[in-house]
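To begin, one chain is listed below as structure tokens, in the form predicted on its own.
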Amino acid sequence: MERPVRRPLLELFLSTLYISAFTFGGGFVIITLMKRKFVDELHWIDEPEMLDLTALAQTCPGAIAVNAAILVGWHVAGPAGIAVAVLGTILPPMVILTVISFFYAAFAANRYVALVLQGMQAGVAAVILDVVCGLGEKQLKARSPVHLLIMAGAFAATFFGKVNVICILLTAAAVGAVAALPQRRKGARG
């Protein structure tokens, strides 16, 4: 028998604290770990909802990690969930940056620290690639021409055209909204 789903604030806080403390590379990496924790392990959110939350987190101003924590916290436990998830997300970077600021001169001049940070960049790139493959896989399997066009167009605009990300997001949102209109009209009539 499967245990019932509970949504304790302590578990939400500890989960976001752990994810934030052991993640290096920014919001996209944190979103991957949030998906694994909240979708795959705890089953508090399903995958389509996580895709929607990720899209919202990317379009809102501010850090993606904090935006994602706000959205996941709200989804899991309402206003209290927001407070707990954001606190768990911002505490580790604040502590780490405070410690580093005291020892900045020693860190900045240390060749080995610079090499470690360069090595971590490769790991971050791999995790971001994992996010793209994992979240895009279902869209590719659905073979929706609109979604495939948006993904290919966004890639081409970024990689070849060096188009600003905001322009790409706004264009993708507009194309998605226009493509969804016939479905909404059909659903309203039926």
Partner chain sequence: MSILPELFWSFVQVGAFSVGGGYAAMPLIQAQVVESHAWLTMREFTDLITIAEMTPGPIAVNAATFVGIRIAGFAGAVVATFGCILPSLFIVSLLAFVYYRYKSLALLQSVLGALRPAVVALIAAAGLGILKQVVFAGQAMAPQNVQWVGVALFAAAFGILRRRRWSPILVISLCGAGGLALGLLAG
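Residue numbers count along the first chain shown, from 1. Heads up, when I say rigid core I mean the largest set of C-alphas that superpose within 1.5 Å between the two forms. Bear in mind that the values here come from a model prediction, so they are computed numbers and not experimental data.
There is also a form predicted in complex with the partner chain; it is not shown, and the following applies to it.
- By the criterion of a heavy atom within 4.5 Å, A173 is counted among the residues contacting the partner chain in the predicted complex.
- Although the partner is absent here, V84 is not a contact residue: none of its heavy atoms lies within 4.5 angstroms of the partner chain in the predicted complex.
- Contact check for M151: a non-hydrogen atom falls within 4.5 Å of the partner chain in the predicted complex.
- Under a 4.5 angstroms non-hydrogen atom cutoff, the partner chain in the predicted complex lacks L12 among its neighbouring residues.
- Residues of 144 to 160 lying near the partner chain in the predicted complex, listed in sequence order, are H147, I150, M151, A154, F155, T158, F159, the criterion being any heavy atom within 4.5 Å.
- A movement of the C-alpha atom of K138 reaching 2 angstroms or beyond is seen between the shown form and the other one when the two forms are aligned on their rigid core.
- A displacement of less than 2 angstroms separates the C-alpha positions of Q58 between the shown form and the other one, with the rigid core held in common.
- Remark: with the core as the superposition reference, the CA shift of I150 between the shown form and the other one reaches 2 Å or more.
- Cα of G62 to Cα of E137: at least 3 Å longer in the predicted complex than in the shown structure.
- In the predicted complex, the Cα-Cα separation between P48 and V165 shrinks by 3 Å or more relative to the displayed conformation.
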